[in-house]
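First, one chain by itself in structure tokens, the form predicted on its own.
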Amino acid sequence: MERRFIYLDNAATTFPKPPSVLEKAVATYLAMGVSPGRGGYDMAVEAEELVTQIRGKLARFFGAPDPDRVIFAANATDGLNLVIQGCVSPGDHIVSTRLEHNSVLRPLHHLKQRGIIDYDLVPFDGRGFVHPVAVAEKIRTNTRAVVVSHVSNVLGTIQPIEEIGRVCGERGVPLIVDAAQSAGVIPVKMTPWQVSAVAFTGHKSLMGPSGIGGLVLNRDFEVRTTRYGGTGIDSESPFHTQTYPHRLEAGTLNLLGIIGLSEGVDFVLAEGQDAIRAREIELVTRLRDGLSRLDGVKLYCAEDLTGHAGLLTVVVEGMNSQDVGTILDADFGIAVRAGFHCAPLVHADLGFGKVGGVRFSPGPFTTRDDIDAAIDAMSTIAGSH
């Protein structure tokens, strides 16, 4: 009998996708797969109208006031590069955290290496949270923005964005939020939280395909154009269009991805973000309780899962995380993420910077049997070492 494949790497990419999402997206694309805004014929106009409707849906989803400030990009990393590189000038300062993904850390590092900016990284506490007061203490007179991940992709801790937004609002500093791990499972409320920009991706909890994501901006936050090309308007000018959203978009849009993203958002809205997260937390709690009973398996920042999203990172003492991941895959048919999760500072600060961690992240279609199988597999691995 063929072994059942168990996928527990949904924090990287949700799999499988809801079949209805892809089926509806492909059907719409087959009927309207032309370049939106690139022609005066009816189908091109209809495609542009569809994209405009989807911008409005995403603005409502993220609690943003202006659909024209919904910018499509390849993913959250692409969106973060657009906003970080497009908002800073020489001599500026950025505040971020040691929880961040390389999609934030590397743009900041390269900008500093080029002598354009300086930055400070706020530490997280022993439970995996960044304190708003610590953020406030790092803000300078030349601080251009604060950049914070809503949910740590290593620890699953949900950061206090509303409180950090209040700190930023009081000091007149824009807050940029990386919602790669939260969009689709935790509501994001840009306006009441005083968030200036949100970067998101479609291929995780928004249930869309890979290669689509973007950036949502508030009206009072200006981002400079850093990429140039065709927009379908102002074609006679040698300068890139400065009206939003075209200001930050260049070239033909990923229409199939945008439609798939829209269908994924519809799926999430129908299921309910709170309901999706509650189910995933139930599974992670079951996993946490099972793994915590195993000798040699160490869990991080998982004592209280109240302020967490649905993922868990562990270390098997005396083993490299990559080896654990390989055994889970080869011997048990269980897919997890092993290594440093593109967030090396988290691992270094928690003391497993040389071996990395093993991350388990259930999704909408994960079952209790899947979780129990993962616990049994880890018991075997830890016991045989």
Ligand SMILES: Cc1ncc(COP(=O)(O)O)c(C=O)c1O
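Residue positions are given as counts along the sequence shown, with the first one as 1. All values derive from a computational prediction rather than experimental measurement.
Beyond what is shown, the protein has a form predicted in complex with this ligand; the following relates to that form.
*Asks:* Give me the residue from Arg247, Arg288, His101, Arg277 that has a heavy atom within 4.5 Å of this ligand in the predicted complex.
*Replies:* It is His101 that has a heavy atom within 4.5 Å of the partner.
*Asks:* Though this ligand is not shown, can you say which of Val83, Ala180, Leu261, Val195 has a heavy atom within 4.5 Å of it in the predicted complex?
*Replies:* Of the listed residues, the single hit is Ala180.
*Asks:* Would His308 show up as a contact with this ligand in the predicted complex if we use heavy atoms at 4.5 Å?
*Replies:* Judged by the heavy-atom cut-off of 4.5 Å, His308 is well away from this ligand in the predicted complex.
*Asks:* Given that this ligand is not shown alongside this chain, does Asn75 nevertheless sit within 4.5 Å of it in the predicted complex, heavy atom to heavy atom?
*Replies:* Close contact exists here: in the predicted complex, Asn75 approaches this ligand to within 4.5 Å, heavy atoms only.
*Asks:* Classify Ala11 as contacting or not contacting this ligand in the predicted complex by the rule of any non-hydrogen atom within 4.5 angstroms, answering yes or no.
*Replies:* Within the cut-off, so yes.
*Asks:* Using the partner position in the predicted complex, report whether Val185 sits within 4.5 Å of this ligand, counting heavy atoms only.
*Replies:* No, Val185 stays farther than 4.5 Å from this ligand in the predicted complex.
*Asks:* Counting any heavy atom within 4.5 Å as contact, can you tell me which stretch out of 128-136, 218-226, 146-154, 238-246 lines this ligand in the predicted complex?
*Replies:* Heavy-atom contact with the partner occurs in 146-154.
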